[in-house]
Every structure is written in C-alpha cells, then in structure tokens.
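What follows is one chain in structure tokens, specifically the form predicted alone.
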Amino acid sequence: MRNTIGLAVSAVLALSLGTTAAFAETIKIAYIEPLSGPFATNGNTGLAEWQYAAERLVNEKGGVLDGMKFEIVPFDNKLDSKEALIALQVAIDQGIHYFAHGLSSGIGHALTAAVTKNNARNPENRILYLNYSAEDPALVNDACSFWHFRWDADVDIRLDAITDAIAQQQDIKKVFLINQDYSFGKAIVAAAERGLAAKRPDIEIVGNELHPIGKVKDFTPYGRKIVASGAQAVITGNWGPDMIGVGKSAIDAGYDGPIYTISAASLGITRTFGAAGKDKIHVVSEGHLNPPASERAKEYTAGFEAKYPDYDIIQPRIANAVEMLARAIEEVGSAEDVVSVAYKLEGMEHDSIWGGKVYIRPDNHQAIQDIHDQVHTDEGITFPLDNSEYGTISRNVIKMASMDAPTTCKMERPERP
C-alpha cells in the first residue's frame, strides 16, 4: 500500500506552509479526506485518483489559461466534521478556491453549510465544493447550495437502479436492508423502501438494520440475522471495512443470494471476497473499467495502474470532475472568478472518458450520467482489482439515469459577473 505516512506528512505541510506555498502558476484544489485512521485507505485511494487525473488530463496537456497547472493539496480530516471544517478554513485562508470531498455525507452537510456561509460573508474569497462521493440526496435537494456540485450519482439514482434490478427478478420475495447509522445510510433505507413499494409491493422487507459507522468489529450476528430472515436479496450502502464486514459475515453464515451495493470494489473488498463473491456482489455506479468504454479509457486506466500499482480506479467520476472544472476555468478565462466558473459548470454537457455524456443539472448541480449494474467476477476482466484475478464487469446500463427526477432544491444564486 502506498506510504500513508507520507501522505499524512504532506497534509501537515499543506497546513503549515500557508499562503507562502502558493505558486502563481498553479490552481490549487484542496483535498479534504481521511488520510489516517480506519478509512485512510479510502482517502488515500481518492487522493491518488485526483492527483493522477490532474496530471494526466490537465497538466500533461499544458494546463489551462496559458500553462497554469492543477495542484492537489491534501488535508487529513480523520473522518471528523470538526477536522474537516478546520481544514476548509485553512484552505480558504491560503486563497484556495476549489476543494474536493466525498467520504461521509454527514461531513458533506457540514462543509456545504460552511462554504455557503463563507461565500456570503467573504465574496472576495469564495470557494467551490467539488463533491465526488457524498451521496445523500438532501445535498442536491433541501440542503442544496449554489456552491456545491456533485459528480457522483446520489442515493436516489443508485437505488432506482438497484430496485429496478430486484423488481425484475420475480423469485425475490424477501429483502434485507443493512446500513451505517448516519444520513447516508438512512437515505439508502428510505430510497429502498420507496422503490420496492412502488415497483414490487409484494416484496417483504424482512430486516432493516442500522449500525454505527466504523465501530462494529464483528458482523457475525448481522450475518446470522440475514440468513435467519430468509432474505433472497440484500441491499447495503456500507463502504470501507463496514462493507467487508457485512458481506463476509452474510456469506460465511450461508447466505447465497445477491448483495446489492454502492461501494464494494477494490480497497481490499474484491480480494477478500474472491471466489465467494462471484456473481453475488453487485456494484451499482457510474463509470466502469470492464469492459473498457474506449481505447482512451483503457490507456488512462493502464497508466494509473502503472503509476499506482497498489491502487485501483474505483471512482471514475473524478476524471469527469477534473476535465469539466478545467474546461469551465478555461472558458471563463480565470480560476479566481468562482461565480463565473460555477455558472459555466451549470448545464455543462461533457463527453466522458468512460463513454456517454455527463450533464450537470442547473437546478440542483447534480451530475446526470449512465449508471451501470456491475457484478463481481473473474470472467471477461481486462482490469482486475486489488491485485487479484477478480473485478467488476458491467452487465446492464441505465442511460442518463434520473434525468427528469424532481428536486426540492431552491438555491440562492449570486449575481452573474
């Protein structure tokens, strides 16, 4: 695994250097994620993806605005809202205008509120939130902000695809829900209940468990509950070690049905499940590595694996976010005119490196894109995960999922420059 200590040191240096570290030739993007603790692997993997995307898609092509390069500045938030808010303020004090975050919707809510408040009070030092993974639907509905853009598919979009897949299987009559006990997990539950009730009212939800995030060391009792319930399908939004715990405990207890997930690839998950997860673990997400969408996607993925042999691309949307931000800055002609960059991102349509289009809805800043139902397997895999022979392959695609879904977002907009 890449040197986590080195990344943590980088984060400390970023905090200590202050504005003296600012270089005129770079456009800084703060990266605020856990780089230490139980979810450090998730944070460091995302950091590698952001750094690679910036270098490969922007810097190697000459940068933007006559040579300005993207620089990813890491901050360790330890998966804690208070630490994240401190890091955000340091980034603002350094004059950074863009930051990336995705791990934990709870932290996402805190950051959204802080950014909105800062931008209202300090119009000369505004900042944009590039959300690549915090999936709570509220972030683009009641809690939306003009300063927040999400490139990931949210819970409602993913669960629409999952409940569609389950509804088409007439032999499934019982479903078990197990999720982390915070805003994201609760959103999974609400979307699952709503989708199943609408599409297959005959399906019974035989279990609905919420557990503390990152605190459960032994999931064996949950696995036994899943088997005892007679469930024929499991839905979980768990990620990181919590995903491994749920899936492994269920399979070890004798569960043999599909497990529909959002974050069940790489990060030790693919290698841990191995043959036991074949054709059982489903990952519903945007983008896919297998089969490669194009020669460009194939070359990009191969280049990443060559540079970061211990990591995998598990969040293809990061490449979309980097390319679209670079395009918006180039078209505006300034990286510091944050308002104009935000307005340029609104309604932007982009040809994704992963195939298909990405469209940013102007009404709530949610990215609309193709969603893939991928299954864990060792068959037809061009890019295996976790240095194993297994990976995920796209079996079904929903084109431009939830393009016309309703939103309750009512954002306050600044005046256009």
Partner chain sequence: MDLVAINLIDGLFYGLLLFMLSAGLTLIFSMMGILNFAHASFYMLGAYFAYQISLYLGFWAGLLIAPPLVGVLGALIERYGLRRVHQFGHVPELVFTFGLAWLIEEVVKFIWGNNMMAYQEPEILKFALFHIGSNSIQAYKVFMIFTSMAIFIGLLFILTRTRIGLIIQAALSYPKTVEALGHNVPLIFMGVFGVGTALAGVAGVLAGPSLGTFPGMAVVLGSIVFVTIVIGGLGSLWGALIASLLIGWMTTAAASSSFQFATLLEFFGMTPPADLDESYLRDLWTLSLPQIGPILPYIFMILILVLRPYGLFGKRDA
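Under this definition, the rigid core comprises the largest set of C-alpha atoms superposing within 1.5 Å between the forms. Nothing here was measured: the structure is a model prediction, and the numbers come from that model. Residue numbers count along the first chain shown, from 1.
We do not show the form predicted in complex with its partner chain, though everything after this point is about it.
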Exercise for the section: Using heavy atoms only and a 4.5 Å cut-off, determine which of 290, 340, 272, 141 is in contact with its partner chain in the predicted bound form. Expected result: 272
Exercise for the section: Please pick, from 256, 202, 218, 299, the one residue with any non-hydrogen atom lying within 4.5 angstroms of its partner chain in the predicted bound form. Expected result: 218
Practice task
Please run the contact check for residue 374 against its partner chain in the predicted bound form: heavy atoms, 4.5 angstroms, yes or no?
Solution key: no
Handout entry: Contact test in the predicted bound form: residue 214 vs its partner chain, heavy atoms, 4.5 Å
Key = yes
Handout entry: Residue contact check: residue 40 to its partner chain in the predicted bound form, 4.5 Å heavy atom
Key = yes
Practice task
Give a yes/no on whether residue 195 approaches its partner chain to within 4.5 Å in the predicted bound form, heavy atoms considered.
Solution key: no
Practice task
Quick one: find which of 146-154, 316-324, 126-134, 243-251 has residues within 4.5 Å of its partner chain in the predicted bound form by heavy atom distance.
Solution key: 243-251
Handout entry: Interface residues of 120-152 toward its partner chain, as seen in the predicted bound form [heavy atoms, 4.5 Å]
Key = none
Problem - Core-superposed C-alpha of residue 242 shifting 2 Å or more between the shown form and the other one - result: yes
Exercise for the section: Verify the C-alpha shift of residue 209 between the shown form and the other one: is it 2 Å or more after superposing the core? Expected result: yes
Handout entry: Core-superposed comparison between the shown form and the other one, residue 291 Cα displacement 2 Å or beyond
Key = no
